[in-house]
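A lone chain, given as structure tokens: the form predicted on its own.
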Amino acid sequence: MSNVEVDRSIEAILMVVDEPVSELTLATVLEVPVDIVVEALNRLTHSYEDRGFTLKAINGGWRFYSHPDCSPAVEKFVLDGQQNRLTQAALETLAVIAYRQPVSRARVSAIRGVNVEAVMKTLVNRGLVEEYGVENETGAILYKTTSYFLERLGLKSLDDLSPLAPHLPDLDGLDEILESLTD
């Protein structure tokens, strides 16, 4: 397969995906070595520098995104004047889940100091968090962020989240307080 054929095939695949696609998956589908796919992705990324879209590696895979410089036009088109933003309560709950995952709804409520049931439903419905098993001791459902969450924040992995420790009091003390609240 020539470079042009590989490039065109990758573009065609990436135009129809809902989630980022890994280099290995692309290589397997195209029946070419991963090195060839990596070279093609790098070549394509540079070729889109002056376009309205970009090709990015996010969450272990590749996908097309609108160019950040075009966000005002895209937002106006998508939102059509309506704001579809998360509430402050939803953002705070999402932050707790992101930094403490997997975490139960009760623990999130204890950390926030309020009932988060409705907010959790909103986050699940929007695809930002999902169920992730059951806590052994209590049988409570655990929640974690989704790959869509990483995509929306433009993160490759949870390791890319900003460090939280500098903004918090003694974390060991916080864990003890949380344990006493959830017991």
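None of the values given here were measured: they were computed from a predicted structure. In this text, residue numbers run from 1 along the sequence as written.
Just so you know, the form predicted in complex with another copy of the chain exists too; it's not on screen, but the next bit is about it.
At a distance threshold of 4.5 angstroms between non-hydrogen atoms, residue 52 is in contact with another copy of the chain in the model of the complex. Residue contact with another copy of the chain in the model of the complex: residue 48 places a heavy atom within 4.5 Å of it. In the model of the complex, another copy of the chain sits within 4.5 Å of a heavy atom belonging to residue 44.
Although the partner is absent here, residue 69 sits close enough that one of its heavy atoms falls within 4.5 Å of another copy of the chain in the model of the complex. Contacts of stretch 1-33 with another copy of the chain in the model of the complex, defined by any heavy atom lying within 4.5 Å, are made by 8, 9, 11, 12, 13, 15, 16, 17, 21, 25, 29, 30, 31, listed in sequence order. Distance between the C-alpha atoms of residue 25 and residue 144: longer in the model of the complex than here (change of 3 Å or more). Figure legend: C-alpha atoms of residue 19 and residue 121, shown here, are separated by at least 3 angstroms less in the model of the complex.
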